[in-house]
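Next up is one chain by itself, shown in structure tokens, the form predicted alone.
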């Protein structure tokens, strides 16, 4: 693959956590991964396998022990904190697993979405209309003027997805975006993510335990003992 086609790339990415007893825990061990622009990828596996660690490394929220991460052609591992904040504001959408970490609690749902839109090259009227449309799509049409801190965990999770998409990111990283949602609402969130991919070419990287979510995406990768492996589907659609 031409590197210019890669939206996300990991090269020999390793992350080690120091253990409280003096031993080290290797969460990721020389991971190599290349995700094409516009591809929708699931990261699956048991809790504690390193999926969320990988996502935070891709987002520049954690610095790796060694190796390199490139997102939209930029070396995330070499960027300053200020440059990383600008990257997340303009090119990279992030949905963290804890809903409250994704939103401004004292701002309304609408204000949260509009804040995320501040760097898009659209007019004010278009941004307002798109904000309302996003909130309607995630089922928050009746909560647009409520402070985010007053929303339930599931509502904050849906708001987080809307906020992450509002900035029209080139890459969206989502950690368990449907974990607090019922099956129907979760399916709607997945449809929204895939719609962003179809309309704007957004690259999706989604950590999930939900088979329905991973099956809806292009490819799934599992993490086992710190190593990343592609899960190949069998002819009946079940993973081999």
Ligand SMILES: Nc1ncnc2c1ncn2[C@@H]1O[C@H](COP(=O)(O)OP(=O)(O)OP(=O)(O)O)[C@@H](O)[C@H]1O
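Not measured: the values here are computed from a predicted model. Positions refer to the first chain, counted from 1.
Keep in mind that the form predicted in complex with the ligand is missing from the display, and what follows is about it.
- Comment: 42-50 is the region of 42-50, 211-219, 195-203, 182-190 lying near the ligand in the model of the complex, near meaning a non-hydrogen atom within 4.5 Å.
- Checking 137, 97, 108, 117 against the ligand in the model of the complex, a heavy atom within 4.5 Å turns up for just one residue: 97.
- In terms of contact with the ligand in the model of the complex, the residue from 59, 171, 27, 31 that brings a heavy atom within 4.5 Å is 27.
- In the model of the complex, the ligand lies within 4.5 angstroms of a heavy atom of only one residue of 173-189, namely 176.
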